[in-house]
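Next up: just one chain, as structure tokens, the form predicted on its own.
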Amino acid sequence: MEIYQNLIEYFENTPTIIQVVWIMSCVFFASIVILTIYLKFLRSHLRKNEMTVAEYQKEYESDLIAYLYSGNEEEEISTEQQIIIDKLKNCSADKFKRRIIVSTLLRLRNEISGEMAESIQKLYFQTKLVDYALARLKSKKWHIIATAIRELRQLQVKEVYDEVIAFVIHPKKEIQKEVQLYLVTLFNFKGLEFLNIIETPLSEWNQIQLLEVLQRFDDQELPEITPWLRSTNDSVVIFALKLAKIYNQFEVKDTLLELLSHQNKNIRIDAINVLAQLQVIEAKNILKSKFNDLSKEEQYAFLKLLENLYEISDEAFLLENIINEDFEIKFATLKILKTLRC
């Protein structure tokens, strides 16, 4: 007690700045102790949670495998399958368990194919899990909507097309991306019809992802891309140019020639590159006649085009540009001229 009183007297007699330092030190020490205890509790809780998740995953995975192998040709749903359906349906009422069931379904869906994959999708409907996903589409939180659309895509649920397409012009880019991937993954080239609707820019990353998905379906017929090449949305035009290049759309050459006068320089350059690949001779004559009015990037692109389309009649044009002040143009011109004279 005497020590305690001495400490109080010492504290009261010290300068104010020292008192503040002591108070702050005590507060920091208390905070560290509390945080340490909280972190230990949190780590213990996470460990326990991981163990619980692992147990449920093992249980549900066993149920799913049993469901897949307990069917028979005589009944659409066997007695064993119905028991599993009822169990999973009841468990799905719990949000925590529902997440584990869905993640287990997705993991198993990615590991199998054919009739078994279709059975997984059928189970998704039988357990009413699809209803929970559709309910999340009504959420006011964008990330919940995005994850719901992703889940529907990963489980190949085509039946909710109308519900998903409603979000194609959603202000959140993350939701737009998920909708676009849903449409293209499940409906292939037909899913590109959203390009007729969108007004916001289609990001470069989105374009790459969409093209990657589309290239898995080589047997699909590409729809008419002319409306997209004439879109008022520049990013849609750029994406359509990529489609024209990848799938060698020679039939749209007249529209591509129109794009040589587009107000967007990047579109003009991409159009030149596509015309070069398609070897459209008309493009050479148009660009050669206005070569000096082109930007440097367009001039480089044109000379790349000329490498494959040069003729004897182009020699005069090439000779004029040997003395061009730009080294790259001069070098490209000399390269073509050397090939022409060989």
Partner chain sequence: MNASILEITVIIFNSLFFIFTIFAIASYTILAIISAFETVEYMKKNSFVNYNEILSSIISPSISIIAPAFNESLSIIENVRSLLSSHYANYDVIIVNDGSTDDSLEKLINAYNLVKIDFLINEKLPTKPIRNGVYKSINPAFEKLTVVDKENGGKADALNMGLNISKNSYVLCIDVDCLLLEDALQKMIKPFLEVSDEKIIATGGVLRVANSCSIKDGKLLDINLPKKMIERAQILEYLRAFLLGRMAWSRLNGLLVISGAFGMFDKKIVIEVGGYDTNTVGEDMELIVRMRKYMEEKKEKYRVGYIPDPLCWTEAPDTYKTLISQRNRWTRGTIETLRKHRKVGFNPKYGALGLLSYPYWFFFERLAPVIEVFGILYFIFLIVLDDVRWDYTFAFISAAYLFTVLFTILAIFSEELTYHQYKKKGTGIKLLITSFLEPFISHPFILYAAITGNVDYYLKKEKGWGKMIRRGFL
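Residue numbers count along the first chain shown, from 1. If you superpose the two forms and keep the largest set of C-alpha atoms that fall within 1.5 Å, you have the rigid core. Only a predicted model underlies this, so the values are computations on that prediction, with no experimental measurement involved.
The form predicted in complex with the partner chain is left out here; the points below concern that form.
Decide if the three candidate residues 38, 174 and 297 all line the partner chain in the model of the complex, where lining means a heavy atom within 4.5 Å.
-> Yes.
Check each of 166, 208, 83, 257 and return the one that places a heavy atom within 4.5 angstroms of the partner chain in the model of the complex.
-> Of 166, 208, 83, 257, the residue with a heavy atom within 4.5 Å of the partner chain in the model of the complex is 208.
Heavy atom within 4.5 Å of the partner chain in the model of the complex - the one residue of 227, 71, 201, 223 that qualifies | Of 227, 71, 201, 223, the residue with a heavy atom within 4.5 Å of the partner chain in the model of the complex is 201.
Wondering, does residue 289 line up within 4.5 Å of the partner chain in the model of the complex on heavy atoms?
-> Contact with the partner chain, no.
Does the partner chain come within 4.5 Å of any heavy atom of residue 312 in the model of the complex?
-> Heavy-atom contact with the partner chain at 4.5 Å: absent for residue 312.
Find out whether any non-hydrogen atom of residue 328 is located within 4.5 angstroms of the partner chain in the model of the complex, and reply yes or no.
-> Contact check for residue 328: yes, within 4.5 Å of the partner chain in the model of the complex.
Find out whether any non-hydrogen atom of residue 322 is located within 4.5 angstroms of the partner chain in the model of the complex, and reply yes or no.
-> No, residue 322 is distant from the partner.
Thinking of the partner chain in the model of the complex, which stretch from 126-134, 86-94, 149-157, 187-195 has heavy atoms inside 4.5 Å of it?
-> Of the options, only 149-157 has residues within 4.5 Å of the partner.
Even though the chain is shown alone, can you say which residues of 257-289 have a heavy atom within 4.5 Å of the partner chain in the model of the complex?
-> Read in sequence order, no residue approaches the partner chain (within 4.5 Å, in the model of the complex).
Once the core is aligned, please say if the CA of residue 246 is shifted by at least 2 angstroms between the shown form and the other one.
-> No, the C-alpha position differs by under 2 Å between the shown form and the other one.
Can a Cα shift of no less than 2 Å be assigned to residue 110 between the shown form and the other one, given superposition on the rigid core?
-> Where the cores coincide, residue 110 still shows a C-alpha shift between the shown form and the other one that is 2 Å or more.
Could you tell me whether the Cα atom of residue 311 shifts by at least 2 Å between the shown form and the other one after core superposition?
-> The answer is no; the displacement is under 2 Å.
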